[in-house]
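Listed next as structure tokens is one chain, alone, in the form predicted alone.
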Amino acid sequence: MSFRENYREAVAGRANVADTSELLAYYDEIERHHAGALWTVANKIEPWEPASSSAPMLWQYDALRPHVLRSLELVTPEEAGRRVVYLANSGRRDVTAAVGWLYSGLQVMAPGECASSHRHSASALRFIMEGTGAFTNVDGHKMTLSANDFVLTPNGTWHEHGVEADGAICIWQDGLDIPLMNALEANFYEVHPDLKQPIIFPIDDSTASWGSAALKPAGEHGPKRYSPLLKYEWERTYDALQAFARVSDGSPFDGIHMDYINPETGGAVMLTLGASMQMLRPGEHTHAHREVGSFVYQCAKGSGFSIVNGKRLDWKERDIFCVPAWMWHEHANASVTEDACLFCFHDLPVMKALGLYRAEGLAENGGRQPVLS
């Protein structure tokens, strides 16, 4: 190898240094001083491109649901703090992540139950999967929740969740950036001194005030660090997707794709977590692309499959799957008569704020991946 090639390999994170006895002794010597030679780890810490340790994974709701319900018999919300079955990525078990620096879990509550009010540094969101009578109280704003509703519990806000006494058992997906907060060594958790917080505002005032497209309350000043619209209702979301589909061909990579936004700023719903809903029209199969960012998907309607780095993941309503950073992915609707909808939460606000976001489409093979497994 020429000097020029050696230099290019070294500076790009591909050191080409032989392990001589003298070098090995040198490594041992500097290790005793809690130091090391960069060229021995450059290949790991400076890759040519993002190399996620996460694996593309699918969690089937039908398989998990009995175990989630079983936890009702085993622990109370008071004992558990939060009665949740978390989703573990095979490549991220050391940080309890579903993918990348994102956490996901399935929380279950019975009628009449309410978890203690608490707050934390992590930003959180909920996507309701089944049941009736669910509610969330965020800093005194109580919201009633139904299937496929999306609700925010921003970082630093007091919040509690429960199910009304006349409701039915409820299950929802929790999404948080807990692994990111822990990686930054910035995580705090606090239980409300009274365990419960008062309801200060009219029920569902957030949606009544901020839920009308293109309109906001006059005289509102000083945008918060998160969306004042804390609940995004499924009916309005689905109506918006259908309306958009009537006037747009959509994205070749994501179909009819819409972001949940902060209505004050037009930006992401929270500083570190974003969310979207996409609709795949009957028989639609998108082109493959990849992005710097991690994604957790949940099927809200219909059925289909996604191909993530050559791995086919077949999903149906309420199934959850993930797409790790910089992995090719494409989606397909299995039905030729009905549309399919995918909810997604992700860490793109972080990637964009830090100037790290990048995306590209697959040019070969008509934008489709070969299925390897």
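The first residue of the shown sequence is 1; numbering continues from there. Keep in mind that what you see is a predicted model, and the values were worked out from it rather than measured.
Not on display, but discussed next: the form predicted in complex with a small molecule.
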{"property": "Answer range among 142-150, 175-183, 266-274, 204-212 for contact with the small molecule, defined in the predicted complex as heavy atoms within 4.5 Å", "result": "175-183"}
{"property": "Heavy atom of residue 192 within 4.5 Å of the small molecule in the predicted complex", "result": "no"}
{"property": "In the predicted complex, residue 82 touching the small molecule (heavy atom, 4.5 Å)", "result": "yes"}
{"property": "Heavy atom of residue 232 within 4.5 Å of the small molecule in the predicted complex", "result": "no"}
{"property": "Touches the small molecule in the predicted complex: residue 107 (any heavy atom, 4.5 Å)", "result": "yes"}
{"property": "Of 290, 301, 257, 120, the one that lies within 4.5 Å of the small molecule in the predicted complex (heavy atoms)", "result": "120"}
{"property": "Among the candidates 226, 103, 295, 127, the residue which, in the predicted complex, approaches the small molecule to within 4.5 Å (heavy atoms)", "result": "103"}
